[in-house]
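To begin, one chain is listed below as structure tokens, in the form predicted on its own.
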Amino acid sequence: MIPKGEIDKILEGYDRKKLAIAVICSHSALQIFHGARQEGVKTIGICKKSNKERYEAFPLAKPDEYIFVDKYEEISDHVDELAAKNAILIPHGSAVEYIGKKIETIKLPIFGNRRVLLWEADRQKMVKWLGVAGIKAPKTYKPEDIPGPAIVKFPGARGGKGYFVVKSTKEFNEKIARELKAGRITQNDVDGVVIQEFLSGVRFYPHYFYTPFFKDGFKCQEGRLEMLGLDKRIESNIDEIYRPLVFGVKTEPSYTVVGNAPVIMRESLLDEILRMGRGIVDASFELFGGIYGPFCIETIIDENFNITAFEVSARIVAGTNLYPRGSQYSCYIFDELMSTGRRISREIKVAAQKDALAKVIH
């Protein structure tokens, strides 16, 4: 991990009046660019040439300038150029997946505590995080001790891709061998696998934002916790698997996220959802120095209103793309249109005004 002191030195050389944000052109980039434009913050898109048209198609959500790469991992080759432009990298799911372990050493200021991205990518660490937060999580099993239906998950920000359900150790071994042979997973994936009990219920994904700079609202650490939205994910093809089954078509279930849908929960459930968010923030300070900015707890709620959390996404999530002009919850916190993307740029501006960028950037 690059020492925070090195990042702080880079930040000291930045012109606070000319700050820019850099974003990999994928995942939630449109929303982040759009929100930065609303806040008057310059944007730089790290983009493959083949993807440029996607962003040019949306003039109010395209970057102010591009840096073109063949692979997103090549961002490491442009750190000096980005630093010269006073750029702060905004992490999202694609950054976590494509930059991978290099996120530890890339010599560029990153919004938030970059350690959280390592805890997100390591599912064993995530289980510990949920435990310290006091949040109910699914049981986990060793490969040799699978007693019944369980979902098999691999490390990294995969959006559900490659997950599968097994009912026994024998079935687990057979499917792992098949996936390895097909080249769809690696031995490193197997070494980092998490096997969770399969739970039945409705999946809700609350979007949070922790800020140390505002004291009103839902108290959390030295600042407040904001709930900016809520979504439900659309997974292919498990969400509509009944359709082929009706016609006797055999289909292998897939959990790859292909989209998101807006949802609102019973108001009485918000108490527990907010407490869970606070627990994640408190535990992050105990374990690795805190989480700043956006994150999401991935939950399942059963018919008795029991809430179980199975993952934490420790940065902006794609479900926030539903609300580029604010959500059914953000409007109760801000008397203006506030997406998570805009909220990120607002936080950077506030931190700069308070001469506290080093607090929320690593």
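All residue numbers are counted from 1 along the displayed sequence. Just so you know, these numbers come straight off a predicted model, no measurement behind them.
There is another form of the same protein, the form predicted together with another copy of the chain; it is not shown, and what comes next is about it.
- The candidate spot formed by P149, R243 and A261 lies fully in contact with another copy of the chain in the predicted bound form, as each residue has a heavy atom within 4.5 Å of it.
- Only one of 39 to 47, 290 to 298, 63 to 71, 321 to 329 places residue heavy atoms within 4.5 angstroms of another copy of the chain in the predicted bound form, namely 321 to 329.
- Contact annotation: H27 falls within 4.5 Å of another copy of the chain in the predicted bound form, judged by heavy atom distances.
- Though the partner is left out of this view, R178 does not reach within 4.5 Å of another copy of the chain in the predicted bound form, counting heavy atoms only.
- Heavy atoms of K232 reach within 4.5 Å of another copy of the chain in the predicted bound form, making it an interface residue.
- A residue is said to contact a partner when one of its heavy atoms sits within 4.5 Å of a partner heavy atom; V132 fails this definition for another copy of the chain in the predicted bound form, lying far away.
- For the candidate set F172, F213, F218, F154, a heavy atom within 4.5 Å of another copy of the chain in the predicted bound form is found for exactly one residue, namely F218.
- Interface residue among I195, V79, I99, V257, judged by heavy atoms within 4.5 Å of another copy of the chain in the predicted bound form: V257.
- For the partner-free chain shown, R224, M227, K232, I234, E235, S236, N237, I238 of 221 to 238 come within 4.5 angstroms of another copy of the chain in the predicted bound form, judged by any non-hydrogen atom.
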